[in-house]
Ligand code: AMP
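Quick setup: one chain, the form predicted on its own, written in structure tokens, and binding and motion questions come after.
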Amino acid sequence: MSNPIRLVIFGRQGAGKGTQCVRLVERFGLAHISTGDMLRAAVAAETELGLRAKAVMDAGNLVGDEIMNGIVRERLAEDDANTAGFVLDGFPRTSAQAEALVQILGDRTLHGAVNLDVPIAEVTERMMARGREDDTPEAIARRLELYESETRPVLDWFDARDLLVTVDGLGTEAEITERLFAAVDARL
């Protein structure tokens, strides 16, 4: 592909981003770059970064811009992200990270930012049901509060640059996928 597709996907934790990213990867041949997966791998490997990130995540907080920008910069320099394109999941979470993404991409075009919109009550129920160790009611509530206070402004940042597309994240996986593909196709 001469012009790889570059997307960012947003949605509250539990909105189904991971599931829909798999579908985007299959349909468009993209690399799925999940900062959550990268952080969990670093924690499991007990790397210096992983240990620093674990302390932050265990408190229910989001890992800071400096660590995240570095992780993403390194990952977007890899061959698959440059040749196949990517869907970036979990970054940027702040306006400062969005600015850093623009710098990281340089002259490469970002095709769009998709927001999977799912109400708070629904994502809370989904996260409790998946049973991850870090999905305590307190940690979930804290992450959702942080999403609203820190990430919502990022959606406005992308919207102001005519890059944001909101997709209804309620319904069957197939219905959501159909809406997502239509939204991405419209951006291309």
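In this text, residue numbers run from 1 along the sequence as written. Everything quoted here is computed from the prediction, not taken from an experiment.
There is another form of the same protein, the form predicted together with adenosine monophosphate; it is not shown, and what comes next is about it.
- Listed residues 31, 123, 154, 68 were compared with adenosine monophosphate in the model of the complex; 68 is the one with a heavy atom within 4.5 Å.
- A heavy atom within 4.5 Å of adenosine monophosphate in the model of the complex is found for exactly one of 108, 93, 111, 75: 93.
- Among residues of the shown chain, residue 140 is not one whose heavy atoms approach adenosine monophosphate to within 4.5 Å in the model of the complex.
- Within 4.5 Å of some heavy atom of adenosine monophosphate in the model of the complex lies at least one heavy atom of residue 97.
- In the model of the complex, residue 61 approaches adenosine monophosphate with a heavy atom inside 4.5 Å.
- In the model of the complex, adenosine monophosphate lies farther than 4.5 Å from every heavy atom of residue 52.
- Stretch 53-61 is the answer when you ask which of 155-163, 22-30, 115-123, 53-61 has residues with heavy atoms within 4.5 Å of adenosine monophosphate in the model of the complex.
- In sequence order, 35, 36, 39, 40 are the residues of 29-45 having a heavy atom within 4.5 Å of adenosine monophosphate in the model of the complex; the partner itself is omitted from this view.
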